[in-house]
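Just one chain is shown here, as C-alpha cells, and it is the form predicted alone.
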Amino acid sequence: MANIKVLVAKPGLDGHDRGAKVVARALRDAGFEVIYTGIRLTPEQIAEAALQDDVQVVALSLLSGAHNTLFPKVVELLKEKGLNDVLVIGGGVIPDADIPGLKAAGIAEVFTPGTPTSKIVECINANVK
C-alpha cells in the first residue's frame, strides 16, 4: 500500500511554526509522507499544493485566531478543485467554542495544544483508506 501523503500547512499571517514542525516530524516518524509548506500561505496556495502533490490529508495549523475564516476557506477551495475526498484536520490555539463550527465547515478533527501527536496519527489512520 502506498504511503499516506500529508500536507502540513500554515495559512494566513501566523509565523509561529514550532507546533506544525513537531506535528510534521511526528507524522513522518509514523510512516506518512509529509510535505511541509512553510509559513504564511494563502488558502489558495494550500489548495493548489494539495492538488499538485496529490495528498490524502491537509493538516492546517493556526495560532493567529483566524481559523474560523481560513480553515473553511481551504475546505471550500479544495472542493472547488475536486478534492472532495481529502481529509482536512486542524490544530492550534483554537477555543473549544469554535470547534463545532469548524467541524460543520468540513474540518474532520481539531487538535488543541497538548494533544499527543499519537492522537493525530490515529485520526489519519482511522479516516484515510
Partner chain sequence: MEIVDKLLNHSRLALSKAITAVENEYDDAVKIMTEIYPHTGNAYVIGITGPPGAGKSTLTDKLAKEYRKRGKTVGIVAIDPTSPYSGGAILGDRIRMMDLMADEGIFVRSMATRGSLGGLSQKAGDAVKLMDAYGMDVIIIETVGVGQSEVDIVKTADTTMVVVIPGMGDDIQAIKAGILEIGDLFTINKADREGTDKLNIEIEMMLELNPEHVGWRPPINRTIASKGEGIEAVVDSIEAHKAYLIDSGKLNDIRKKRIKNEVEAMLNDRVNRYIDKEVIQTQEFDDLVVKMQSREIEPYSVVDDIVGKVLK
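Numbering follows the first chain given and starts at 1. Everything numeric in this text was worked out from a predicted model, so none of it was measured.
This protein has a second form, the form predicted in complex with its partner chain, left out of what is shown; the following refers to that one.
> Counting only heavy atoms and a 4.5 Å cut-off, does its partner chain in the predicted bound form sit next to every one of 3, 34 and 83?
Looking in the predicted bound form, the three residues 3, 34 and 83 all sit within 4.5 Å of its partner chain (heavy atoms).
> Is residue 93 close enough to touch its partner chain in the predicted bound form, meaning at least one heavy atom pair within 4.5 Å?
Contact with its partner chain, no.
> Can you work out whether residue 57 and its partner chain are in contact in the predicted bound form, taking contact to mean some heavy atom pair no more than 4.5 Å apart?
So residue 57 does not count as contacting its partner chain.
> Any chance residue 45 has a heavy atom within 4.5 Å of its partner chain in the predicted bound form?
The answer is yes: residue 45 has a heavy atom within 4.5 Å of its partner chain.
> Residue 87 near its partner chain in the predicted bound form, any heavy atom under 4.5 Å?
Close contact is absent here: in the predicted bound form, residue 87 is far from its partner chain, nothing within 4.5 Å, heavy atoms only.
> Using a 4.5 Å heavy atom cut-off, which residue among 63, 41, 102, 77 comes into contact with its partner chain in the predicted bound form?
By the 4.5 Å criterion, the partner-contacting residue is 41.
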